[in-house]
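In structure tokens, one chain follows: the form predicted alone.
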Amino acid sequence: MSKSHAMTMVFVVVAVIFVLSSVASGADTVRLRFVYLGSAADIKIWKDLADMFHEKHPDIVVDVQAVPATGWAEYFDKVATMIAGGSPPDLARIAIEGVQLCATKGLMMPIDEYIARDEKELKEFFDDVHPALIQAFQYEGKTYMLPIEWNNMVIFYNTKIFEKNGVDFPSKDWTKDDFLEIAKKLTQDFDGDGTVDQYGFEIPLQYFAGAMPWIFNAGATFLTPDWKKPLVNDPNCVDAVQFMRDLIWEYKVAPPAPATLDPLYAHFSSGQIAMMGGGRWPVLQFVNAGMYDFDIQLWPKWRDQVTEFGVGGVAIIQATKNPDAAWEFVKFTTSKESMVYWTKLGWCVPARRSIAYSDAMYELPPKHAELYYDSLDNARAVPSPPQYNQVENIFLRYLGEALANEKSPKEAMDLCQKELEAIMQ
């Protein structure tokens, strides 16, 4: 062996050892921290998605961290605190409620340059998604996320309770009065002890999942169409709050309003309530509780019949040091592979039309799951201005006083209007 050949062999061996050592030590591995509004029901979904992504991108590891919160407002506050405290995540699950808020504060990275760069690769995705879901993540000419999941508010009903009481399942054209008559029939005191054992409906003290569907279908908009000014003391909005209050205190077809959604899941799964509002996310809760006897229907018509919807995606946090790797994870969450995985589990409605109408949606109830995507042609996004955290907190405080019968709906909404006007100037 010549001297030069021997030197070459030594160089190759050293290089191989270096590469193997680097791989073994993870020196070239990029680690991303992803945070989401956590619950015990969906933490496995995100960890599984991170693992599926890692199999395709072995040089990128996504560490999943749940952020417990009672709602989006508290969650957004916690994420902002992480960033301000010098411990920013690389990625965060953000819903439409936080788009204008986070964009205004400069917390999220616009992704228009990435979309333009990967235009050919993403064409199939954009062709498969309803425009309303895409537009929900655009603000002041920039795109901040790609939609992966969404929910619209529909009425869940317990099919066994309806059949047992000889009540027909509601049709698409049912009205608010039809809803009330059904709720009255299904509110029952089984043993005659004066205590209601089964309520027809239950209203949570919630913004998206409680009040907004009634407000929209009453013919109100809550805020102006550009979300710049409040309209909560509009007569139609007051009517909606009055109806919610009356379901509890006048008609007595609903128990006192809980502050969170967990009691609704438990009451519906156990047959203590016959109907409740929700998107598709309660399906995961019901299935985990062994409850399969339910179906869905559109929100009952009042002065209008529209669907309220919200959208979720994965945002790249502005402070990340690895935006390219983060973008790869964002794209993975829009893939058919990832959406089919969690669609089969009953978590949210997939943004892709092809999956929303596929067999994956029908492996679990509801029987009429096509209602979700069908409704997008007549849907209205949940009002989500840059001051969302304050708007939600103020409104829920006054709504709570109205539903607790501490203030009249008119008085509560008049006071709410004044506070909202002050912060939205």
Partner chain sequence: MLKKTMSLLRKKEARIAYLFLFPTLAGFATFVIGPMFASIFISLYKWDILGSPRFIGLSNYLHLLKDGRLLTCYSNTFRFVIFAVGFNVVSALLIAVAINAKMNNVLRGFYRSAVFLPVMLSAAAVSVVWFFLLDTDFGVVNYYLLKLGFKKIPWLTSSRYSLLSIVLVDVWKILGFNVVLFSAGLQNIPRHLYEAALIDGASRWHSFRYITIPMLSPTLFFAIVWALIGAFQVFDYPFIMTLGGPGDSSRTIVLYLYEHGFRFFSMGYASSIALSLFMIILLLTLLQLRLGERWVFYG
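These numbers were taken from a predicted model, which means no experiment stands behind them. Numbering follows the first chain given and starts at 1.
The form predicted in complex with the partner chain exists for this protein as well; it is not shown, and the discussion that follows is about that form.
Chemist: Only one of H267, K331, K301, H130 gets a heavy atom within 4.5 Å of the partner chain in the predicted bound form. Which one?
Modeler: Only one listed residue qualifies here, and that residue is H267.
Chemist: Counting non-hydrogen atoms within 4.5 angstroms of the partner chain in the predicted bound form, say which of Q272, Q242, Q297, T307 makes the cut.
Modeler: Of Q272, Q242, Q297, T307, the residue with a heavy atom within 4.5 Å of the partner chain in the predicted bound form is Q272.
Chemist: Within 4.5 Å of the partner chain in the predicted bound form, counting heavy atoms only, one of 149-157, 197-205, 339-347, 276-284 shows up; tell me which.
Modeler: So the stretch in question is 197-205.
Chemist: Is A211 part of the interface with the partner chain in the predicted bound form - any heavy atom within 4.5 Å?
Modeler: Contact with the partner chain, no.
Chemist: Can you tell me whether Y144 touches the partner chain? I mean in the predicted bound form, with a 4.5 angstroms heavy atom cut-off.
Modeler: Judged by the heavy-atom cut-off of 4.5 Å, Y144 is well away from the partner chain in the predicted bound form.
Chemist: Is T260 close enough to the partner chain in the predicted bound form to count, meaning some heavy atom within 4.5 Å?
Modeler: So T260 counts as contacting the partner chain.
Chemist: Is V167 close enough to touch the partner chain in the predicted bound form, meaning at least one heavy atom pair within 4.5 Å?
Modeler: Output for V167 is no: heavy atoms all beyond 4.5 Å of the partner chain.
Chemist: Would you confirm whether the three residues D178, P383 and L420 all fall within 4.5 Å of the partner chain in the predicted bound form, going by non-hydrogen atoms?
Modeler: None of them does, since no heavy atom lies within 4.5 Å of the partner.
Chemist: Taking heavy atoms and a 4.5 Å limit, what residues of 396-410 are near the partner chain in the predicted bound form?
Modeler: Residues within 4.5 Å: R397, G400, E401, A404, E406.
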